[in-house]
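Shown here is one chain on its own, the form predicted alone, set out as structure tokens.
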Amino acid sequence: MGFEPIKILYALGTIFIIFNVGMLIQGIVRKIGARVGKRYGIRFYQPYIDLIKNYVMRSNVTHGVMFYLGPVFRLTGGLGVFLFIPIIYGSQYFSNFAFAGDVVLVLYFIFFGSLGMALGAGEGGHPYSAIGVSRGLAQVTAAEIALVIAVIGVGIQYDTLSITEMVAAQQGGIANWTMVTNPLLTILAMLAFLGAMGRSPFDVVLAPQEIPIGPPTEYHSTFLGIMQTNRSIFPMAKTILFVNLFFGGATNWIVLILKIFIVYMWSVVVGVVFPRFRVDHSIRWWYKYALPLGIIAIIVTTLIAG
């Protein structure tokens, strides 16, 4: 189907729903983290208050056009990922703008936001910007290798690069999910998911216990609000992608939100349990463990599909 006006309206409505799901999950996750640390934590609706506060603020400080385009590129990457992922399987209007081969475009959009933030950091002129850029791109590149291998493996297994067709192949019960039919590929994907979420032990970019700077402090007012908006949409979009590729997708909103929460909590639990890697440890981990696992998974998948 083309870009009919009614489908655009449904896409905007879907963005609104997922945005609010992301905001609520943010509050719940921060509450869980606080309780694990024996603290009371924030109110679950605190992300809404923070977002409104940032959007009503204005700033007279300027660092150049590209510095402020960084958050815009970041949000564009998140929206791009989301808009080309089918949300509800079998729904004519909640399939967004999915098309044959859309998984390739989605992979491009996942990396797009990181490149935009790297360009924005370079414009800022902060002496530590180069450290953040090198950390970010090295980490994202290493994690993306595992993600791309996992996606290619799913494409080989189902002989398609269409997300909709991948979900269709998993219908008929849990026994048909990629999680069951190809557990090795699913393990690789869930390791890649940790890198995609950027939580411990792979939060080497922000490094909150080490460097008290970075996007949350360098950006401010509306620009920080844009990044917070993306933080509600982008992780949800990536989680929906993993739900579609490995956990059978969803045929209604209740099932989708439940699967989103369960898959997302995987990164939260790991982040709470494990401390942060050093930069060299993090990148070495991806090439030492995830890459060989990915190669084995591709070989096994090819033999099974053949």
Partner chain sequence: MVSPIYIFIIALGIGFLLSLFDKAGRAVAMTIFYGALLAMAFISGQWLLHLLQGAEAEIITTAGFQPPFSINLKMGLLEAFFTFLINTLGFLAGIYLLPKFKSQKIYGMILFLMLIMGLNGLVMTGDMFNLFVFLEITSIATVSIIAIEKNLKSISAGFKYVIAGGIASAFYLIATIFLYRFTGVLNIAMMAETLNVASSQAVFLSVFILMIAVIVELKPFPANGWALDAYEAVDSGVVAVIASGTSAAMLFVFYKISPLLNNTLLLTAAGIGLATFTFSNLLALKQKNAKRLLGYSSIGQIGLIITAYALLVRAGYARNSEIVMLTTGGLFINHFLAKAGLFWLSGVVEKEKLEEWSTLRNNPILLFAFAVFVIALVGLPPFPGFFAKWQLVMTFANQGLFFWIGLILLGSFLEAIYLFRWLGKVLKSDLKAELKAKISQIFPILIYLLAILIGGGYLSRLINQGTSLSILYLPVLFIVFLFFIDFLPVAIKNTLVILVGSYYTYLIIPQLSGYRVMLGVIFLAGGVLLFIPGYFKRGKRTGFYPLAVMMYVGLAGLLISENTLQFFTSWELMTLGSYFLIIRGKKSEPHALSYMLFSIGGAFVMLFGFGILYYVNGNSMALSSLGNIESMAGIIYALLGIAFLTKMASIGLHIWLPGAYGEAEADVSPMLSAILSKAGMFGLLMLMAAIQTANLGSINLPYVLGWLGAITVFIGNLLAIYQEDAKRLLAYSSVGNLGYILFGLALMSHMGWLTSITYALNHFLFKALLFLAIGGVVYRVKTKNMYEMGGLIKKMPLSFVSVLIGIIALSGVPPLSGFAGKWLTYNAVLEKGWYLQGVIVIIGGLIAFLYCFRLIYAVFLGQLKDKHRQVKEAPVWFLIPQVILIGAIMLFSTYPAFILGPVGKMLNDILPENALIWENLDAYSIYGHWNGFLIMMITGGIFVIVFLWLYFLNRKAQKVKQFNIVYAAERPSRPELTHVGYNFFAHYKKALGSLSQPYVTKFWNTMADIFHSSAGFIRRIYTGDGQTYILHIIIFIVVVYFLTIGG
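The term rigid core refers to the most C-alpha atoms you can superpose between the two forms while keeping them within 1.5 Å. These numbers were taken from a predicted model, which means no experiment stands behind them. Numbering follows the first chain given and starts at 1.
The same protein also exists as the form predicted together with the partner chain; that form is not shown, yet it is the one meant from here on.
*Asks:* Among Gly80, Gly124 and Arg135, does every residue place a heavy atom within 4.5 Å of the partner chain in the predicted bound form?
*Replies:* Per the other structure, all of Gly80, Gly124 and Arg135 touch the partner chain.
*Asks:* Is Leu291 a contact residue for the partner chain in the predicted bound form, using a 4.5 Å heavy atom cut-off?
*Replies:* Close contact exists here: in the predicted bound form, Leu291 approaches the partner chain to within 4.5 Å, heavy atoms only.
*Asks:* Is there a heavy atom of Val104 lying 4.5 Å or less from a heavy atom of the partner chain in the predicted bound form?
*Replies:* Yes - in the predicted bound form, heavy atoms of Val104 and the partner chain come within 4.5 Å of each other.
*Asks:* So in the predicted bound form, does any heavy atom of Ser162 sit within 4.5 Å of the partner chain?
*Replies:* Answer yes; at least one heavy atom of Ser162 falls within 4.5 Å of the partner chain in the predicted bound form.
*Asks:* Any of the heavy atoms of Gly90 lying within 4.5 Å of the partner chain in the predicted bound form?
*Replies:* Although the partner chain is absent here, Gly90 would stay clear of it in the predicted bound form, with no heavy atoms inside 4.5 Å.
*Asks:* Counting non-hydrogen atoms within 4.5 angstroms of the partner chain in the predicted bound form, say which of Met190, Ala168, Leu115, Leu184 makes the cut.
*Replies:* It is Leu115.
*Asks:* Please tell me which of Val268, Val263, Val255, Leu69 lies within 4.5 Å of the partner chain in the predicted bound form, judged by heavy atoms.
*Replies:* If I apply the 4.5 Å criterion carefully, the residue I get is Leu69.
*Asks:* Which is the contacting stretch out of 233 to 241, 247 to 255, 276 to 284, 39 to 47, given heavy atoms within 4.5 Å of the partner chain in the predicted bound form?
*Replies:* Every other range fails; the passing one is 276 to 284.
*Asks:* Determine the residues of 49 to 64 with a heavy atom within 4.5 Å of the partner chain in the predicted bound form and present them in sequence order; the list may be empty.
*Replies:* Stretch hits, in order: Tyr55, Arg58, Asn60, Val61, Thr62, His63, Gly64.
*Asks:* Does Gly101 shift between the shown form and the other one by 2 angstroms or more at the C-alpha, the core having been superposed?
*Replies:* Yes, its C-alpha moves 2 Å or more.
*Asks:* Answer with closer or farther for the CA-CA spacing of Ala100 and Gln157 in the predicted bound form compared to the shown form; it moves by 3 Å or more.
*Replies:* Compared with the shown chain, Ala100-Gln157 is farther in the predicted bound form.
*Asks:* Any idea whether Ala100 and Pro183 get closer or farther by CA distance in the predicted bound form, knowing it moves 3 angstroms or more?
*Replies:* Relative to this form, farther apart in the predicted bound form.
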